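The data below hold one chain only, encoded as structure tokens and taken in the form predicted alone.
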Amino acid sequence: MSKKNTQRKVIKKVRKVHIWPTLVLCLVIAVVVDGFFAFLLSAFTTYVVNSKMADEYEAVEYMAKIYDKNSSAEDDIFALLDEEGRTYFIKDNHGKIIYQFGKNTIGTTSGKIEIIGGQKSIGSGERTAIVYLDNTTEGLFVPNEDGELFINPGSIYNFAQNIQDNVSQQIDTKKASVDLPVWIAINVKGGTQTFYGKAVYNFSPSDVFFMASMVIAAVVLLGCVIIIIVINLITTFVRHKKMTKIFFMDPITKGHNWMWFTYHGENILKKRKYASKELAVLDLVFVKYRNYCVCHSVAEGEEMLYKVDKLLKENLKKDEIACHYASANFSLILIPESKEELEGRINDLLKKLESIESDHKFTFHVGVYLVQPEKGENGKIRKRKDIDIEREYNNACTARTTLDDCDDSGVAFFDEDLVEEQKWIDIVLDKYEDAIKNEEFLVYYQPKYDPKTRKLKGAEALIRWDSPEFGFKSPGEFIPILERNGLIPKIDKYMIRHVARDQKAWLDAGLDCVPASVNVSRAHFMEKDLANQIKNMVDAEGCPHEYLEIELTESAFFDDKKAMIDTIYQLKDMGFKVSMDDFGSGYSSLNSLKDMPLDVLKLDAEFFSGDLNKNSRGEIVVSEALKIAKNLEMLTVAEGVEAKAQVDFLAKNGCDMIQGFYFAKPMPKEEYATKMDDLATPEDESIAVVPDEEDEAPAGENDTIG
């Protein structure tokens, strides 16, 4: 799974509000609790009602039995039953009313109820009765699947309220109870007739109070559950907001972090209203931030990052965003009206940032990548779909890296040349190991001549890449890339082995060999066992040590000085010569000469730029450098010499060797072998030799490899 998809899933999980599951759970609990309570209340109320119905049932049952067992004249029976004063009527199987006393208000709902207890002996115990609801009690009871009547939970609250209202009314009329009628049906005459007697549920104020209390308890319980749900929802929402804020917060600036930027940045770039605009993704870097922390403190450095973040946010427009990315980097998305307006805004922003603290003037580098509008198949502008915020920001970073060698504030825009450059970097990093394995790297040699005798005194081994796929490449096209990525030691070893192999072959052929210098990078030179590594590689090729010279750049002397000196002594004890390249290009050259036991000193080509005869100060510096080297018993090499006047001046002042285009360019080893017994012949006695493109001096610290 890609890093981007993983990141999106993490963001989605964090931003997902987990309130609905909690809400559903709480609602389920509320419904279950309320339903259980309603069922309990209904069952209990039904039990109470059925208990109260026992006496009424026995009275109706008694009347029905009198009618059923008596065979006397019907008028006498009905008169006897009428004296009970209870409303009743009798129906036959065809639904015809045989006799009726009082008003018939029977309803349509019927069912069974359990008669519990009773005071009379007749029919005492638990019995089942068939009951019809009265018109005034319809809806109060409902039958279940077994036909049993239960208090309807849906109407119990209204029923209780009605009871309470009736009680209040009846208290006003000095009546201290509430009567609710139902009809009890009992089969008589062998089942050919049905006796219907009106029974009355009698509720006293205490019964009403009990039921009202139960209703209030149910309401309170339900209210508590609702309150708990609301509190839980609010707590969950607040906790989620806090966690989201922490997840998207940068710990140093207390503002937004990269995760927040990627989420919101892609949304902004994909907005339809900005589809026709060029949107700018910026990488802004606080130059020399680490130096500031060293000179002050990390805490003060972080305080400056906080101020930078705050200033950036103060200068944003609607929908524009900024965040602290990492270390001293900040990421921004701006929505400019034009490129000119964008440049003006960035320059104004840089001015504010440079003076963010009155006691210091800071510098900032800004890389800009302009996200272009997208067009559909019909050529019309469409909403951006192909957006990868990490890719866009990386392009801005690539543009910004072109300012790395500049100490002043600056702005760089990404273009297609940088794309090609990045592709080439990827090719070098991907192919260099295969190139080493297939020996695509070639060793070129540039001779060093005695300026007086013009005899060959030495050579420098240089590298070229003859790629079957990409053609012939000068060292400036690949050496700096390998240096920046810490891969140059492999090239060092490759060169040492091949130079030792060439020297051994020439010695075996009887040629008059001279020492050849091989550059060793500062990164490689810090290895504690470097001297033994070099010795083992040279010995493996069978080359005498005196024919190999180990060359260091002056910048290497700024690293671990003690380790450097120890390695130099080890190499000298093994019979290798050690030289300093680019003397004079740094600021501690004399101090380095004082401490380093070197054999050869190479004067940097910058010493010889221009006409020495027209620059007395230059003559003085070069002549004194040659004197110092002679007094320290060091051989001297002048590199980059291109004119006869330079050669004459160096010969006059005791320079031991000349290396430069005046005498010879770097050449393949086969051509170099032919020069070993020849005197040097200048290619042009009057003008400097203009180097071919492939022989241009490479960029980078390790330029002697080139």
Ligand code: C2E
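Computed from a prediction, not measured in an experiment: that's the story for all the values here. Numbers follow the displayed sequence, beginning with 1.
The protein also exists as the form predicted together with the ligand; that form is not presented, and the subsequent description refers to it.
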The ligand in the predicted bound form: contacted by all of 446, 460 and 464, heavy atom 4.5 Å: yes
Which of 484-492, 378-386, 246-254, 593-601 sits within 4.5 Å of the ligand in the predicted bound form, heavy atom basis: 484-492
Partner proximity in the predicted bound form: residue 641 to the ligand, non-hydrogen atom cutoff 4.5 Å: yes
Contact of residue 661 with the ligand in the predicted bound form (heavy atom, 4.5 Å): yes
Any non-hydrogen atom of residue 550 within 4.5 angstroms of the ligand in the predicted bound form: no
Heavy atom of residue 503 within 4.5 Å of the ligand in the predicted bound form: no
Heavy atom within 4.5 Å of the ligand in the predicted bound form - residue from 534, 479, 625, 368: 479
Residue among 582, 320, 440, 309 with a heavy atom within 4.5 Å of the ligand in the predicted bound form: 582
Partner contacts for 227-252, taking the ligand in the predicted bound form and a 4.5 Å heavy atom cut-off: none
